[in-house]
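We begin with a single chain expressed as structure tokens, specifically the form predicted on its own.
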Amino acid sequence: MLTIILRAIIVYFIVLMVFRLMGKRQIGQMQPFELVLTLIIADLATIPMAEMSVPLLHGIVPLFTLVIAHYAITIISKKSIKFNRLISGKPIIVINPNGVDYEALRELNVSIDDIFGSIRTQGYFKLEQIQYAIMETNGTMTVMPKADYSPVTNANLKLKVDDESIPITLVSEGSLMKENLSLAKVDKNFIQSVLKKAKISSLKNCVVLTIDSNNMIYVQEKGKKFQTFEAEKC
């Protein structure tokens, strides 16, 4: 029994390392060859865990072989457009200014209902709102709405606004993110002053605390609503 447990743990960490090497894409973002590779790896990983008669090495070697194959395909795909289209396919326009391209739907083997479902996820419910819709190689749909239905931006209104940076997380689930203190140019005393301002008794009770480029604090205590205020007021 101990041997089975150890084999399972070893295979688990190896598969985890394999997927880390492959990148951080989610299932819906994978290219066809990446999805196939993922399914094969999942199947291969179960063999050395379940079959004690199979040497552990015989399960590990195929996994790393597939990783090497993945890197080879990725490199070749970057250097050869033809190879990339052969492996991953190419984006196809399914809606154009004339309406739905039925021949494109037949080529992709998708239905009108699939098209409606995809444009709804983009926030559009009528085909006449769409200028172009493109089926990407990973199966997701990119929508370009007609001008009348495009979201209004600051550029449209000729408003000048300052660019913002990504908020820096200073506390996460009760733990102080020490490496981020220098990035935010603050110290532990600053954290304590924020907690005091937010009336949070201790660091462990803080779910999250962030600060942005405008010195705006976002802080939330466990089981309570979040608070926002300027850092200078702490």
Partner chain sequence: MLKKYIYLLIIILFLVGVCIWEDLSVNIYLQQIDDAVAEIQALVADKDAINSYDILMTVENLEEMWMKNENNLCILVNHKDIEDIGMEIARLKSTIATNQIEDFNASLSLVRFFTETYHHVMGTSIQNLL
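Positions refer to the first chain, counted from 1. Because the structure is predicted, anything quoted here is derived from the model rather than measured.
Not pictured, yet referred to below: the form predicted together with its partner chain.
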Of the residues Y132, F116, Y71, Y149, which one places a heavy atom within 4.5 Å of its partner chain in the predicted bound form? Y71
Partner-free chain; cross-checking its partner chain in the predicted bound form, the single residue of I200, I60, I41, A184 with a heavy atom within 4.5 Å is I60
4.5 Å heavy atom contact, V54 and its partner chain in the predicted bound form: yes
Exercise: I75 in contact with its partner chain in the predicted bound form, heavy atom 4.5 Å: yes
I'd like to know if K222 sits close to its partner chain in the predicted bound form, meaning any non-hydrogen atom pair within 4.5 angstroms. no
Can you work out whether F190 and its partner chain are in contact in the predicted bound form, taking contact to mean some heavy atom pair no more than 4.5 Å apart? no
Pick from 168 to 176, 191 to 199, 205 to 213, 62 to 70: which stretch has non-hydrogen atoms within 4.5 Å of its partner chain in the predicted bound form? 62 to 70
